[in-house]
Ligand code: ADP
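So this first bit is one chain, no partners, the form predicted alone, shown in structure tokens.
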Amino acid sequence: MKKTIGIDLGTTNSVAAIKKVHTEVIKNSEGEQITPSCVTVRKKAMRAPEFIVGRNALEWLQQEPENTITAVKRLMGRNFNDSEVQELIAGHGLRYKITSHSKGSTNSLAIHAAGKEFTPDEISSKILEKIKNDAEATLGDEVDTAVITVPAYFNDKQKHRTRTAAALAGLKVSRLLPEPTAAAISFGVDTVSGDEGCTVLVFDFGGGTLDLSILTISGGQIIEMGKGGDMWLGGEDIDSLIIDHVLAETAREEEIDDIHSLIENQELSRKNRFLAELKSSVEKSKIALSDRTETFIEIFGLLLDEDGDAFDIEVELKREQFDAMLAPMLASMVRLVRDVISGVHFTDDLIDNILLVGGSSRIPAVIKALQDEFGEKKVLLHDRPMLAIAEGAAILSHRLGDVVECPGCGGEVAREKDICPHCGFDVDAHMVDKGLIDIVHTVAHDYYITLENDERFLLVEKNTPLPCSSTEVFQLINVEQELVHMKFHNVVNDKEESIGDLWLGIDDTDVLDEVEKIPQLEITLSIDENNLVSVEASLLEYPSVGISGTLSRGKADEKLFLSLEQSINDANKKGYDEFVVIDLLRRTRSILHTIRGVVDSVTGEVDESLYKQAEAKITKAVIIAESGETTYTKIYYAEAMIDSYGMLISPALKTRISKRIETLRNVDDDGSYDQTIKEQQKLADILNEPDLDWVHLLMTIEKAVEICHKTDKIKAAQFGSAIDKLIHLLMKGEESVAMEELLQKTMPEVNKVLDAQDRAGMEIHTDLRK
């Protein structure tokens, strides 16, 4: 029978566990409980790249560091231009290459290994794939579903990427569980029942993050009261502090002016061996100082000085020195804890315990800093800090699974059954009495939408219980606006982080023709229990005109959206005339439909064919706008001639025009720019035939009618009357003096209206206002 497991997808290490009668950590294929979150990509001639994951990948770190990815969790859902990512690149510890993705926007990120580009999702999926395969081998059953833990402070984009990684690994995610909540479950706080209750602050200090949550446990519920932390503060940063110390001490002892340059100038294989050995030695020394008062970092004969002579690294590190190095970091941690407590308006006496989990929480200075601040009795260290989160995830996955294991006999019982069919044990009563029946999650960050003039509007406030939704009504900028660009972002530690965009193209222009006041747009932002966001938007007066979906998040679709947005901004700067703007708007709405199919909403995979098609459409739209050779207005003009004045056109000529319209429309959708221009000319040649001169004149007056209908209804009526009189005279088949007099009176006024319209130009509006 298919199994469901809990997975702690960690920055440095990952762990899987399963809940039967008891919770068990699942050993990997190497026989270990912990799998290093490390992936090596090896290039294979004429074959797909090979992925080596876990302990074996760490062994490749010395030989191929440029192809070995560690701490990928820190890059999940991140932008290449994030200051933290740039600092990581500028540092001396990163051996693999990071750039923006070639098929993504600046809000994307690509890892380069073995000559190929990979997203952090794809690398993470390889870790999950190994965990899944190893679990299946150990359990002897298929594993298809998992509860996967994520930092409580992860934003929507990061959680979306985690789900994508799971989908790529062939796993269904039954819940994305905040890591502190998982840790609390492992501590056993979920067994509080009846009228009992307690409030705990979980301090989860792992390899890559400090994650904080205040949880209230009462009446069979765990309620998230508040969250906080730092996504760039973890064991990796402590390692960096020690590495800096070791290199500084070595430079002083060996009288080296610039030790970083010396390392960089070493022969490649020597440099790689040294850096891998340094990282390993530093990690061991950090762990050793949890039990000892001093340790040594020793690396013999790997580095050569400027004369080519080998020298040794021998640095003693005492716990007092280590504690002094950590002091600023510890002060920052305590401040973050204080921020979370004050953020929910709690006092210290309302916190029953501070629960410590994560490998880095074992550091004595970390424990002491919290004990000094909150009291020794209040601070509890988990006896399995590196396994706790996976265990908590396993317990929840068991409760969410299709079957549970009977505590009475160990047999499997379907989730919907209250009584075990094998032994009669009351499973439902046991679950209610002994375990958690509900988790109330809360929003991790404030959610905003960007309005006109870069104004921010708060849609959902941090710590709102999940699931939740917020509906607000906004105004479009202009009565004829056909595009709306909705931009959403979080505020994390007082810093804005984009979580994605959504575009709405109002295809039904007949709706806009009926609207006399500026339309209103109703937007609903919904967040589910996994903190995943979806958006619905529709015109308030016409609900059928709208869109719903998830947000673009830095991948190929967002790159295309940004390219499209740039073309609109350029058009506004150049002040194109009405016909060019109308044509560009029509193309833009068509392009939006194409872009929405480019990225698979589940796996994140890119449809290369649609991507190229959308890219070509954008390029073509820009060229046509710059050239002024607008297709849509030519087609619209020709169709309007037939619809309005077909009685003045011979049947044969109407047939020729209709065929040319259809051919041009097909070529315009699928053909190249040159093919489109060629078909435009063929239609223009027919429309320039002398038999249509009077029709063109009538179309000119009709254009003035359309303009004046909005600005001067009396003049519009006068022009309309002139059209009716001209048609009447033309149908009689004679060009009379009355026609000439009518034209002499009408056309100067018509030309004034058209000239004013041409000078005005048009702007493409995409913003909203409240």
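Definition used throughout: the rigid core is the maximal C-alpha set that superposes within 1.5 Å between two forms. From a predicted model like this one, the values you see are computed outputs, not experimental measurements. Heads up: residue numbers just count along the shown sequence, starting at 1.
This next part talks about the form predicted in complex with this ligand, which is not shown.
- Taking the partner from elsewhere, Glu283 is found to have a heavy atom lying within 4.5 Å of this ligand in the model of the complex.
- Proximity of Ser124 to this ligand in the model of the complex: non-hydrogen atoms within 4.5 Å are absent; the residue sits far from the partner.
- Contact between Pro180 and this ligand in the model of the complex is not found at the 4.5 Å heavy atom cutoff.
- For the chain shown alone, Gly208 is a contact residue for this ligand in the model of the complex, at least one non-hydrogen atom being within 4.5 angstroms.
- Comment: 359-367 is the region of 672-680, 359-367, 685-693, 647-655 lying near this ligand in the model of the complex, near meaning a non-hydrogen atom within 4.5 Å.
- If you check this ligand in the model of the complex, you find a heavy atom from every one of Gly10, Glu236 and Ser290 within 4.5 Å.
- Met386 is the sole member of Leu171, Met386, Ile297, Val200 with a non-hydrogen atom lying within 4.5 angstroms of this ligand in the model of the complex.
- In the model of the complex, not one residue of 659-684 has a heavy atom within 4.5 Å of this ligand.
- Core-aligned CA deviation for Phe322 between the shown form and the other one: 2 Å or greater.
- Remark: with the core as the superposition reference, the CA shift of Gly235 between the shown form and the other one reaches 2 Å or more.
- Once both forms are fitted on their core, a CA shift of 2 Å or more is seen for Val366 between the shown form and the other one.
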